[in-house]
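One chain comes next, on its own, written out as structure tokens in the form predicted alone.
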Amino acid sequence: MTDTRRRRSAEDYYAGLPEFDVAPLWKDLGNLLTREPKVKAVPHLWRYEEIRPQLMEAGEVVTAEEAERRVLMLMNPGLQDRPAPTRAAATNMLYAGLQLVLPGEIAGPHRHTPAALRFIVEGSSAYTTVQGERTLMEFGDMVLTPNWAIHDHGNESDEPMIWLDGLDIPLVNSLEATFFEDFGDDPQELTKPIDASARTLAAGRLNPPEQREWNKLYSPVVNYPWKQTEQTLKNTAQDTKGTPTDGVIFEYTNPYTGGPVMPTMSCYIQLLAPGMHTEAHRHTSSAVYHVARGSGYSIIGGQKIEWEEKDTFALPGWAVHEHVNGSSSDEAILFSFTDEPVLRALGLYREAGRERQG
């Protein structure tokens, strides 16, 4: 058989395979089994001073009723060629958005299979009600809305309320497991005292015995208050600078398991001492960071991301990264949420130290 005839036969063979809904593995093996992750998400910064005016204008042109939830999604530029259900993403599996609730507004109750969390960026005394428990929210509070939990929001204060939303929407949509249910416009009935779980469960080592049979996959705590979180960070920072790669860092945990607050997302808070430059490392989990206090920069995949208070930035999976507190006198505090529990559950979590990039 001549080379020309063989080549033509192979071409004819390949051209005929789509008729049978099959494809040759040997043609795509290098794309399917890569030597290390090929990540499409890119490091990216969303500046609060730029996005806040757009969010406030949305409050003027779109009513709460029209919007259902008035949110500006944080879109990673590296993922915009993906199909629509997974395009709304800050990293490969994590969604982030900034939500506005104006004074007097109510966002009615609904529930969905994607799990959600909220980190309060601006305002005070607005509320979220989750499964009959209402919490009054202040700056820096971290509020959970677990998978399929009924929740609604309202702002009875005289100032705008803005928070960072974090959800696992891209993951759940990729799994084709998204469900949504609406419960109208009226706030849900309260079945528990306000902030009951934060008072009884968020203290750490003291848990009420009547709840020791808690067996759900998420934390029973609705609100992890900023006042306790910040105080814990600062008390610890008096004794140690923490880990070389993250400074003084704590994970928000389920008080009954000691594990992550939700099965698909972990949440962390970390303090960088004045002038601290962390060591570089990388891990297969991705993360969304929000700057609670201070200013500085991170080097992610060789790219310098300069951040200030209230900014948000994306860390793609397996990207080498390090953080620098730009102040010689003030601490910097970073909140983050990650898809680490998913990677760990599947046996796919890896972490490795690297040389500093800068």
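Just count from 1 along the sequence shown to find any residue number. Keep in mind it's a predicted model, so treat the numbers as computed, not measured.
Note that the form predicted in complex with a further copy of the same chain isn't included here; everything after this is about it.
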Looking at a further copy of the same chain in the predicted complex, is some heavy atom of each of A116, P274 and D311 within 4.5 Å of it?
no
Can any non-hydrogen atom of N207 be found within 4.5 angstroms of a further copy of the same chain in the predicted complex?
yes
W318 near a further copy of the same chain in the predicted complex, any heavy atom under 4.5 Å?
yes
Is V288 a contact residue for a further copy of the same chain in the predicted complex, using a 4.5 Å heavy atom cut-off?
no
Does a further copy of the same chain get within 4.5 angstroms of any non-hydrogen atom of P255 in the predicted complex?
yes
To verify the annotation, which of these, I120, L74, V222, A126, has a non-hydrogen atom within 4.5 Å of a further copy of the same chain in the predicted complex?
L74
Is any part of 147-176 within 4.5 angstroms of a further copy of the same chain in the predicted complex by a non-hydrogen atom, and which residues would that be?
N147, W148, I169, L171, V172, N173, S174, L175, E176
